[in-house]
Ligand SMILES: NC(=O)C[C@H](N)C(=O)O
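In structure tokens, the next block holds one chain alone, the form predicted on its own.
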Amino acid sequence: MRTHIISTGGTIEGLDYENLNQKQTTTVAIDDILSNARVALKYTIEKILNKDSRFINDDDRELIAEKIKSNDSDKILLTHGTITMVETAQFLGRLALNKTIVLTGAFILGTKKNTDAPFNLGFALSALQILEPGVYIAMNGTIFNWVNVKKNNQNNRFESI
């Protein structure tokens, strides 16, 4: 079974939060990261949003949920900005969709040389292959279940609660 990747924008795709006054367009393609890493896993990619996650709202989360429900894959990778990633994970977790859903993103802009985007994307894809159905956040080498995760804004990382 193939993995379905849903893209919503965020730092992982090069959206620069420091320049919110400028029109934002993604500059990093998830497919390019996977291609450069020679990922052999079968996957499809669907771009549904191009948003800084601060602006993702419950209408957007409903759209994400509908895309997940309507896809025949039982393994979904959702790329998402880190600012509201926890809120989206909780929204999806409460729906009990009986699919394995992993959210990932990047803390460092996807266009920067020292970005964590490729590592997080690869780590999340690997986690997706072994996790049981449920909703998870996979960031920087750690997997969090949607029911016990928070973002520590002071230290810019996710933590268990």
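We number the residues from 1 along the sequence you see. Because the structure is predicted, anything quoted here is derived from the model rather than measured.
This next part talks about the form predicted together with this ligand, which is not shown.
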Applying a 4.5 Å heavy atom distance criterion, does residue 88 contact this ligand in the predicted complex? no
Please tell me whether any heavy atom belonging to residue 52 falls inside 4.5 Å of a heavy atom of this ligand, as the geometry stands in the predicted complex. yes
Consider residue 135 of the chain shown here, and say whether it contacts this ligand in the predicted complex, taking contact as heavy atoms within 4.5 Å. no
Distance check, residue 107 to this ligand in the predicted complex, heavy atom within 4.5 Å: yes
Since the chain is shown here on its own, which stretch among 52 to 60, 90 to 98, 34 to 42, 121 to 129 would lie within 4.5 Å of this ligand in the predicted complex, judged by heavy atoms? 52 to 60
Quick one: which residues from 71 to 96 get a non-hydrogen atom within 4.5 Å of this ligand in the predicted complex? 81, 82, 83
